[in-house]
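Only one chain comes next, encoded as structure tokens, the form predicted on its own.
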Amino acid sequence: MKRLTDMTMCCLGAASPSPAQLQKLFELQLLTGADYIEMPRAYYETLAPVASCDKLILRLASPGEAVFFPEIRRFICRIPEEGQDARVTTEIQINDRREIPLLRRYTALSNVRLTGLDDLILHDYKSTFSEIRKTLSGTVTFCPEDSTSCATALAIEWLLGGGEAVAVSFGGLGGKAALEEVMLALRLHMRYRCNATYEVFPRLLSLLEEICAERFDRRKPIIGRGIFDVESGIHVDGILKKPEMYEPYQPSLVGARRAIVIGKHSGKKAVIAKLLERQLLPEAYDIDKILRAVRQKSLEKAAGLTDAAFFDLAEQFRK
């Protein structure tokens, strides 16, 4: 059994979401299929009463605060206390693999979250994972950080190598592993929750961009708005005939759709496919003249054409 904790709410940085935005964010997070949603105490008190408390992990400043929330079953805190509530997981920061021996101080803890280890991908990480599991006898949740841009890879390797749990954030916010990438990797490598769908991702993406006032990269894996855009003539022809040769999963799985972008690399097949998208008959157009005009326009703009620009241009060459 693998467990994913979504830390997105704890990774919003300086953003100040409104109560309505927080409520919407929580509702969408529940739809992603993550096992637990981690939330700062202040956000919980803003949203209270909260449904689905069984999926909550509440972040506390000290373990003693847990007594104020008898309705919640799981907490996370950085400061361990002797005799602390069994519901509290202790978060331990390990900056790099040289600090692994420090974990011997925590062998008595039954629930540990290990965060940091940014550089682990540069070393024998499989041996280090084994050493961690031998040192800590309880449940270990791994939360790799991303200063070397390898957090997602490390989280996936931890789970594929026998680890039970990871803590991640949507889009990798806050320098964590990306929730959506870990989910899809588990699905493709382990057939993990192979009946799940992820149509909620675009709505979550838009809401987080609104909250954080920042756009995600169009080419970001899984959630980037441009990752299913295709322009090259051969590529368009091939993807229309056999999409599984080019796409590891259907765009609809993550709430996206393929888009044919008309530009300087486009060929006749792409132009015809674009016309058919609007149920226009290709026979009614001079495809060769459209293609020449598209290439000239694209070179002048040093970019592909928008849909509106393409169809305006195509109308000039209707027979």
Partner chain sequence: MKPVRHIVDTTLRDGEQSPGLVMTPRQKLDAARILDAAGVYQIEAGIPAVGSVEIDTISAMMDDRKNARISAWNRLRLEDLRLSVSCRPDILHISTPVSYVLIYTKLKKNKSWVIKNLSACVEFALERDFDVTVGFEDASRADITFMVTLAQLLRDKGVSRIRFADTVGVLSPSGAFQAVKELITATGIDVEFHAHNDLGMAVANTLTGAAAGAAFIDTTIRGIGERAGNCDYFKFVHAAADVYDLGISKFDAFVVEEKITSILSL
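Residue numbers count along the first chain shown, from 1. Only a predicted model underlies this, so the values are computations on that prediction, with no experimental measurement involved.
Below, we turn to the form predicted in complex with the partner chain, even though it does not appear here.
*Asks:* Even though the partner isn't displayed, in the predicted complex is residue 203 close enough to the partner chain, meaning a heavy atom within 4.5 Å?
*Replies:* No, residue 203 is distant from the partner.
*Asks:* Whether residue 15 contacts the partner chain in the predicted complex should be assessed with a 4.5 Å heavy atom distance threshold; does it?
*Replies:* Contact with the partner chain, no.
*Asks:* Quick one: is residue 24 in contact with the partner chain in the predicted complex, heavy atoms, 4.5 Å cut-off?
*Replies:* Residue 24: no, not in contact with the partner chain in the predicted complex.
*Asks:* Might residue 299 be said to contact the partner chain in the predicted complex, defining contact as any heavy atom within 4.5 Å?
*Replies:* Flag for residue 299 set to yes.
*Asks:* Looking at heavy atoms inside 4.5 Å, which stretch does the partner chain contact in the predicted complex, given the options 104-112, 165-173, 119-127, 137-145?
*Replies:* In short, 119-127.
*Asks:* Would you kindly say which of 211, 132, 92, 184 lies with a heavy atom within 4.5 Å of the partner chain in the predicted complex?
*Replies:* Checked against the cut-off, the match is 184.
*Asks:* Exactly one residue in 275, 66, 261, 254 has a non-hydrogen atom within 4.5 Å of the partner chain in the predicted complex; which is it?
*Replies:* Of 275, 66, 261, 254, the residue with a heavy atom within 4.5 Å of the partner chain in the predicted complex is 261.
*Asks:* Output the sequence-ordered list of residues from 211-230 with at least one heavy atom within 4.5 Å of the partner chain in the predicted complex.
*Replies:* The stretch 211-230, when checked against the partner chain in the predicted complex, contributes 219, 221, 222, 227, 229, 230 at the 4.5 Å heavy-atom cut-off.
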